[in-house]
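The chain below stands alone, shown as structure tokens; this is the form predicted on its own.
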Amino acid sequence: MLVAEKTIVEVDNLTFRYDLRKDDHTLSAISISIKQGEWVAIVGGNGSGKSTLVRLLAGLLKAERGTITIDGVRLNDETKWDIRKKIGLVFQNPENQFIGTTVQDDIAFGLENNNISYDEMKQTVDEALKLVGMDSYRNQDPSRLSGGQKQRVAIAGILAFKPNVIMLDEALVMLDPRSRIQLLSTLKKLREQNDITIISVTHDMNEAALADRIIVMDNGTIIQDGIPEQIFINNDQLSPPFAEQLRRKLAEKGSAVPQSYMTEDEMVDWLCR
């Protein structure tokens, strides 16, 4: 997918600490520029500042210094409510986001609070459910769904607001492999069809490898920012995705495997030759 030239997220010199009485900062002078339609994965160890960064982007925390601009609007106390309409944040446990007694009621809840007319709300709920493949579950109790289905409903609830950016904060970590693959495929299609920007905080390198860019954080700073190939070749601390691990093992065994980084699709194509 070709990423648009428009910058949708601009972070400049962002600094934050939870305890102003202490000198240690959770984030120190972070600067990032993300284009519309881009998929950016943020990785790093525990305490590196990944989740703090996305909470700052969503206006859930207030920076000590620096600026955040979303879709051309500077984030501050006056604009944060409008900016939150442009951003959807999906957490690790989707049950914390459920309010309605049925799937469709849960998605409609936020729209009702925004005084959306009944006809428009019904159409929006229908569209959101179809986008994530959960239309047939509209009358189900969200708490009785599987982990993957719950995350789909959580994403549908965000899509109903037609956001410019979807942020995933370890949102796939509790899913089984099949549900994770299905949800990643859904996100990929949504991005291609709706030009949505995706920012994913993850420990899963197979998930990170699907992104256009990977940002590596450590101790509140960005230590690397580049395409997956660059990151996995130049960072010995990150475990590479499965396809790259397999390529390296085959190379060690003397196989005539390509000597450059390979994506999963490229590895499958090579194995099938």
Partner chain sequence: MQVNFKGVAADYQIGPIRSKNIIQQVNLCLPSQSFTAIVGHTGAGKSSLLKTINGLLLPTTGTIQVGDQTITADSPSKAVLKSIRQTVGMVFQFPEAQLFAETVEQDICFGPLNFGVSKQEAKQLAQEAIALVGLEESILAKSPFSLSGGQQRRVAIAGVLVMNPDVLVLDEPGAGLDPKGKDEILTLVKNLHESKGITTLLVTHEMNDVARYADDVVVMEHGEVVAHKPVHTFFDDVQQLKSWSLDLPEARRFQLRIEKEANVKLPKVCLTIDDLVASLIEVGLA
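Owing to the predicted nature of the structure, the values given are computational and were not obtained by experimental measurement. We call the rigid core the largest set of C-alpha positions that still match within 1.5 Å between the two forms. Positions refer to the first chain, counted from 1.
Heads up, the form predicted together with the partner chain isn't pictured, but that's what we're talking about next.
The closest heavy atom approach of residue 177 to the partner chain in the model of the complex falls within 4.5 Å. In the model of the complex, the partner chain lies within 4.5 Å of some heavy atom of residue 249. Although the partner is absent here, residue 253 sits close enough that one of its heavy atoms falls within 4.5 Å of the partner chain in the model of the complex. Remark: residue 264 counts among the residues lining the partner chain in the model of the complex, judged by a heavy atom distance of 4.5 Å or less. Comparing 202-210, 28-36, 62-70, 215-223 against the partner chain in the model of the complex, the single stretch with non-hydrogen atoms within 4.5 angstroms of it is 202-210. Residue 12 shows a C-alpha shift below 2 Å between the shown form and the other one [criterion: core-superposed Cα displacement of 2 Å]. The Cα position of residue 213 differs by less than 2 Å between the shown form and the other one after fitting on the rigid core.
Core-superposed comparison between the shown form and the other one: CA of residue 248 displaced by 2 Å or more.
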